[in-house]
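First comes one chain, alone, set out as structure tokens in the form predicted alone.
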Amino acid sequence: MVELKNITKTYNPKKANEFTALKNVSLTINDGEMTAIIGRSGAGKSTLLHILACIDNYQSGEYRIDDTLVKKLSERELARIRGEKIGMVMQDFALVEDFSALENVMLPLDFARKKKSNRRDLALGALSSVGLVELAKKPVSKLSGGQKQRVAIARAIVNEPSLILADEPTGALDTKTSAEIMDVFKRLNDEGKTIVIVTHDPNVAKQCERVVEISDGEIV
């Protein structure tokens, strides 16, 4: 379970360009939920996602993931949580273009705290789960946008995280491909994954069982 209590995040505190991106945000996401976070550009969606991903810190409040208080963790402990509990999917895919699909999916396994001897098999299994195993050896630069996003999802799930965070995962895709990617997320959710999707697309949001709207750094 993910739990936020009165989270406040301010950029450049006590400076002329100080900006409070989140104001006393409280949110609970139960295991197995598929949640959309919506709001206008600058509303605080991505900031919230980065805090959930243990990438960004916050000034006040509490963030717990599986009853672990994130604020008190060292950078090494945060890295462990990111590696074991959280999978990230980005709008721009964030893949290594010169690598094959398989090599991209294997990357998180290379950096895992506990090295696994069956890295290739795990990566092939992740690609199979997103319907892309037949393109495992193909360079990412030769893949379509939808195929790249499937590789990105496979990379996000290869360590079998319990929480998948997606930042505008369909933003660079056409309508048909977006629908296919959402089908992948829904299937992963059916398999028990907790999924949080930041989106500006109402068609994406309505496919999630829960929608959380943020406006000016606050949950509406």
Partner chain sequence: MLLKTAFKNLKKNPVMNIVCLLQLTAIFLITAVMVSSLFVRYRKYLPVKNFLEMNGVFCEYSFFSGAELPGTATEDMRGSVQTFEELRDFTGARNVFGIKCFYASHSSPSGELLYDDLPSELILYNDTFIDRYIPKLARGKWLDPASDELEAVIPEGLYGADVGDVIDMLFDDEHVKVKVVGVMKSGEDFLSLNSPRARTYDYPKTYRSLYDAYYTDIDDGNPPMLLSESVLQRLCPETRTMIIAAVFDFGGTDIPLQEALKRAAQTGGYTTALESINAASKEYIHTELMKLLPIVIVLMVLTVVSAVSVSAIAARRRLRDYAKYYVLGLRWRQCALVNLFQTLVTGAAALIIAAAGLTVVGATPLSETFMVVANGWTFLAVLGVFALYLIFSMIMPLIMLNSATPKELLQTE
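Residue numbers count along the first chain shown, from 1. Please read these numbers as outputs of a predicted model, since none were measured by experiment.
What comes next is about the form predicted together with the partner chain, which does not appear here.
Quick check: do 142, 188 and 191 each get a heavy atom within 4.5 Å of the partner chain in the model of the complex? Contact check failed for every one of 142, 188 and 191.
Quick one: from 60, 57, 68, 26, grab the residue that has a heavy atom within 4.5 Å of the partner chain in the model of the complex. The residue from 60, 57, 68, 26 that makes the contact is 57.
With the partner left out of view, is residue 76 within 4.5 angstroms of the partner chain in the model of the complex by any non-hydrogen atom? Output for residue 76 is yes: heavy atoms within 4.5 Å of the partner chain.
Residue-level question: is residue 83 within 4.5 Å of the partner chain in the model of the complex, judged on heavy atoms? Heavy-atom contact with the partner chain at 4.5 Å: present for residue 83.
Find out whether any non-hydrogen atom of residue 155 is located within 4.5 angstroms of the partner chain in the model of the complex, and reply yes or no. Answer yes; at least one heavy atom of residue 155 falls within 4.5 Å of the partner chain in the model of the complex.
Does any part of residue 121 reach within 4.5 Å of the partner chain in the model of the complex? Heavy atoms only, please. No, residue 121 sits far enough from the partner chain in the model of the complex that none of its heavy atoms falls within 4.5 Å.
Contact segment among 172-180, 30-38, 191-199, 47-55, judged by heavy atoms lying within 4.5 Å of the partner chain in the model of the complex: Result for this chain: 47-55.
For the stretch 10-32, return the residues whose heavy atoms include at least one within 4.5 Å of the partner chain in the model of the complex, in the order they occur. Only 11 sits within 4.5 Å of the partner.
Closer or farther: the C-alpha atoms of residue 174 and residue 91 in the model of the complex, versus the form shown, with a change of 3 angstroms or more? Residues separate in the model of the complex, at least 3 Å farther apart.
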